[in-house]
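The data below hold one chain only, encoded as structure tokens and taken in the form predicted alone.
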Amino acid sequence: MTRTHCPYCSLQCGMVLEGRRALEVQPWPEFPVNEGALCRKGWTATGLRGHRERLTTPLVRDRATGELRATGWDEALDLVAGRLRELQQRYGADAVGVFGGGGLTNEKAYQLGKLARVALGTSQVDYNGRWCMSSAASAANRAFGVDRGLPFPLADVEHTDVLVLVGSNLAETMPPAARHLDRLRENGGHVVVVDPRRTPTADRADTFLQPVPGTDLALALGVLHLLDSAGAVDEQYVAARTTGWPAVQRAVSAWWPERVERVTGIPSAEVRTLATRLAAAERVMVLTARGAEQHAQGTDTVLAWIDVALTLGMPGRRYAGYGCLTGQGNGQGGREHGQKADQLPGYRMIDDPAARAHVARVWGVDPETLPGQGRSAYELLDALGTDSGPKALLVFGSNIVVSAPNASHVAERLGALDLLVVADLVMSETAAIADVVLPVTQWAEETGTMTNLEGRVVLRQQAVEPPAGVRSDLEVMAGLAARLGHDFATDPEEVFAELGRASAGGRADYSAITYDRIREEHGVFWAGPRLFEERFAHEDGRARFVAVEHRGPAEPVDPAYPVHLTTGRVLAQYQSGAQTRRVRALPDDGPFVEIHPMLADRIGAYDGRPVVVTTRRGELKAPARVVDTIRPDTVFVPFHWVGANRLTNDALDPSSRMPEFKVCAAAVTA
């Protein structure tokens, strides 16, 4: 029997694995996050064990035939290291890029950043978490001085009076968490859901607001206007614990409810009712997710909702405040320890001389040898194969061909590389176009820590041995580092201890956390379970109000592309689907297009029959699902299959560098 955690979302639900060859998932009722509950993905998480598509030997593309052929580990790693040296000697250190993932353990994320900066000496390292929660992270750092998805335990949700969920389909993306909504309502609380689609989460709400995609910011500005005009600002809190309110007050003065209605499509009476409800509540909690954040103005949108929480005096109060519902399994830890272009371990910034000196001491190198800040995720991919961009890319834990915005363009850039190396457990769409494919372990075959959406560091423990011929990502990194003249540890507990030393004194300090503590305490919160009760993380201890203005989507609708396209998840699938689409017990119906009956009638579309969605970047043909739960001016496509992200816009948030996945202009034909 092995206590471990689900390989999917940021809840990191606890589970027990039993058996040796055939693993069986059992509940772990004592783990507080999920109390033994799991979604269908969790219950079937062992479905890839022994799968016929599992990779078990390195593959190298034959230059003569263009086909991948099996080879040994020494040949594969020798080839990769040799090609990397050649390219760096010819073009410089930044000729090599490294792309990581928000599902990698803390140990892997840490070691990947070290591999890039020490063994390869490249600044060109980033990860797919840049596309997930980076706007919320950017906003939280600016407002509070630190980024932690939830600065309180998830269970606190049950005890607030009004919960506002902005852009979250909690009931489908992390189902075990939805019980907190039910308990909140049983306790007399009120749930508000803001979403262009009426989802299963909206069905569990007391109030549902259905804005035009890309207008959540305008709604927040309207709420702020009404709170101010009603005298609902917590003046004592604002004066004692914040700065910047006068600028926000001026910025929202023109956002009358009628203006909000024109922009968002939400009736002004509903906007007034929301503001009145928030003003009357003793405890208010605002949670944002990808629907609000994956925009070219995502950071500003989150800042506006943080302003709402600050206006009411909520952050730092028990059972109240603001939080981000982090998406990927290690979305929190993955952005804390060095696989982002601008960061070093412990959430230190790479352009900070003191941070560079501290981490360099732990790594045993001269701070001057550490590269500076590189390109963000999409900008890194966009530069591949260009005169100034990387000529080689190492990919760990990401299926870029499916998950990147404007994916056809990204595939072209990947094709322009001299060398593409992908470490994966199955032949993902990205691995299928690689020059070298390295088979790596999956979650049940390895040990490592993850940091869930609460900032709770948990321990995934190895339950079974990996198939013969498969190595862990840590072993792959160590093998490459050794060939480049560096000695990297492969034992995850040893790597975690080093991570602790490197993060010591940083904003995300793990130095007091050990594997033994995690086992004893069912996970350990870095900086404690609740932040901000006494002070915020800025030097003066105060939170920052930030004045923002609504600009709307980067690509507004027009006569040629008259409807809004938005994307998201479905219950049975996860991220790019590389794992879940291969689990037999999970339904895989393929992509579809959700369309309102009014729009379907206008274009002659019928339920179950194909429609074509076209944007300025590409097109997708898929069956229509005619439903009255979506706005008539909007269509929805899930992103788990190839095709959806060929449509999405690569416009970037200027602060977080988050692409605008959640809205673009589209045309739909039957």
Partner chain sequence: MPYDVLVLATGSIPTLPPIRGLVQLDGRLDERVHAFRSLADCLRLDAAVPAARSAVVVGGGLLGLQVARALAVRGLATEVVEGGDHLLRGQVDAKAGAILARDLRRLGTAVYTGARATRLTGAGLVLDNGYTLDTDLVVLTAGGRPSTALARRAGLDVRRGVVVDALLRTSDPAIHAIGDCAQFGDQVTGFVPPAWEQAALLARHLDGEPVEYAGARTVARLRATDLDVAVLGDPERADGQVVEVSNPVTGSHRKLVVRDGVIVGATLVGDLSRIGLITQHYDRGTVLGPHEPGDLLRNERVAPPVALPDDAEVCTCAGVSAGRVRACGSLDEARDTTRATTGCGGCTAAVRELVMEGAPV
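It should be emphasised that the depicted structure is a prediction, and the values quoted were computed from it without experimental measurement. Residue numbers count along the first chain shown, from 1.
Just so it is clear, the following notes concern the form predicted in complex with the partner chain, a form of the same protein that is not shown.
The stretch from 638-646, 46-54, 30-38, 60-68 that comes within 4.5 Å of the partner chain in the model of the complex, counting heavy atoms only, is 30-38. Taking Arg517, Arg250, Arg551, Arg262 one by one, only a single residue has any non-hydrogen atom within 4.5 Å of the partner chain in the model of the complex, and it is Arg262. The contact with the partner chain in the model of the complex, taken as any heavy atom within 4.5 Å, belongs to Pro175 out of Gly389, Gly316, Pro492, Pro175. For the three marked residues, Arg335, Arg356 and Val464, no heavy atom of any sits within 4.5 Å of the partner chain in the model of the complex. In the model of the complex, the partner chain sits beyond 4.5 Å of every heavy atom of Arg616.
Contact annotation for Val25: at least one heavy atom lies within 4.5 Å of the partner chain in the model of the complex. In the model of the complex, the partner chain stays beyond 4.5 Å of every heavy atom belonging to Arg544. Using a 4.5 angstroms limit between non-hydrogen atoms, Phe536 is distant from the partner chain in the model of the complex. Heavy atoms closer than or equal to 4.5 Å to the partner chain in the model of the complex belong, across 269-305, to one residue only: Arg272.
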